[in-house]
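Let's start with one chain on its own, the form predicted alone, as structure tokens.
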Amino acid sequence: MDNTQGHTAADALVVFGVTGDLAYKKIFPSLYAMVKRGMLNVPVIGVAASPWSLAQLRKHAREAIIKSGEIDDKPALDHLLSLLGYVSGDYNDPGTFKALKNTLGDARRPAHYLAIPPELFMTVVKGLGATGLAEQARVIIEKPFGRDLASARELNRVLRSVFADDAIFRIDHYLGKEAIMNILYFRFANTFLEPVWNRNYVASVQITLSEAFGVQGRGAFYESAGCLRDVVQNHLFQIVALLAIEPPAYQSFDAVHTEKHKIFRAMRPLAPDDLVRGQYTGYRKEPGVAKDSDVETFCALRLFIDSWRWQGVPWYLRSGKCLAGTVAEILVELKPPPQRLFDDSAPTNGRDNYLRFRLSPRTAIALAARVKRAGKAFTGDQRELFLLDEQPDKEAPYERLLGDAMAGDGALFAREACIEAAWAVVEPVLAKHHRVVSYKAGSWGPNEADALIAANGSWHNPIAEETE
């Protein structure tokens, strides 16, 4: 699937928030990788409030790249540093955008990347429009896309008032991960899945996205977001959509986006009893966190998709910080055979036939089945057909997504209609929900999450060896 036909490549990249944490940890290492691959040879103009010199920015960029790994191509690093430019100023000051226009020089098709706090998105977009910097340009918006349905709609309205619809790129870095794209490929490149990929054979689906670390000094940000807004409404829902969509009608990512939108529309809006909100012990002692905070650092929810294919199948999603491992995994549990012909085939752990996708830290696909032991007795053991799929030279998500945005390829970016439909699912529980319950750091979350899934068994906890 290729959506690049007919698009003109950007002739400059502008990074708002270039002195921030995201640029340091993700963007500079990705830009370095793009230069090494020959994918980046245009000016990269940083914009931020910090009163830095260009030399300071170059030093900062070099340190960021060194911290992310070794410098294995010094000419590429030197070339990236030579592409950098810097504009210092307040985003509320029209003079900042005039200075940016001068720094861009002859560039006419810049890609403006907003790696800034979401409350500044509309300020910068309006500033770009007022200065004529949006003509023939693209804008790349970093999640979160709003805090609820109303704010998402307002953000989209402002974006469309300044930029053409096909010039707006909403980054969800999860969509750039190789393992996520492999879900789409695995589903529709293989015939054997389709006959069983429905309510007749699937008992339930579980998705776990866990982190072993806490908020890491970002308590103030987390107080404004929480787990439901930070990862569930976007990352986890995108995974659900790829697992649940109908086969696209034709070979195009536009067809994929159309089917994903149908899934978001078919998701049953959440009710308070569908959601367990947890908070790890010690969170309230983090800097910037309220002493009586009710913000969740853990979410577990039960979701239903009211479609022909998935009617009645529960989807269980959970994510959180300070959990037992840093891992992302999907478990699609199949229904048992209609008649148990062998006494030992009752599952010992609550499940025996399933398909497992491990998304990180090492990507893999596993199919579970029971296999007979040698001898006369009809007894067997649980086995997994296990496929490890590691590709050491694969592109990092930001490398791929920045390259795609600059090329004008919107295939892997979130669409406006899908974002708003996803917000509509969580909207009922953003304000009306049960209070957070505490859980011990290093556990798999609060006991209440176990009760949520009890009617369909238990949570699948990825084993320790796979989280190292």
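Everything numeric here is computed off the predicted structure, so don't read it as measured data. In this text, residue numbers run from 1 along the sequence as written.
Here the subject shifts to the form predicted together with 6-O-phosphono-beta-D-glucopyranose (BG6), a form of this protein not shown in this document.
- Three-residue candidate spot 351, 356 and 450; no residue lies within 4.5 angstroms of 6-O-phosphono-beta-D-glucopyranose (BG6) in the predicted bound form by any non-hydrogen atom.
- With the partner left out here, 6-O-phosphono-beta-D-glucopyranose (BG6) still marks one of 309-317, 211-219, 112-120, 241-249 in the predicted bound form; by a 4.5 Å heavy atom cut-off that stretch is 211-219.
- Residue contact check for residue 174: one or more of its heavy atoms lie within 4.5 Å of 6-O-phosphono-beta-D-glucopyranose (BG6) in the predicted bound form.
- For the chain shown alone, residue 286 is not a contact residue for 6-O-phosphono-beta-D-glucopyranose (BG6) in the predicted bound form, no non-hydrogen atom being within 4.5 angstroms.
- At a distance threshold of 4.5 angstroms between non-hydrogen atoms, residue 231 is in contact with 6-O-phosphono-beta-D-glucopyranose (BG6) in the predicted bound form.
- When contacts are judged by a 4.5 Å heavy atom cut-off, residue 143 counts as touching 6-O-phosphono-beta-D-glucopyranose (BG6) in the predicted bound form.
- In summary, among the residues 260, 235, 138, 277, the only one with a non-hydrogen atom within 4.5 Å of 6-O-phosphono-beta-D-glucopyranose (BG6) in the predicted bound form is 235.
- Using a 4.5 Å cut-off on any heavy atom, none of the residues of 110-128 reaches 6-O-phosphono-beta-D-glucopyranose (BG6) in the predicted bound form.
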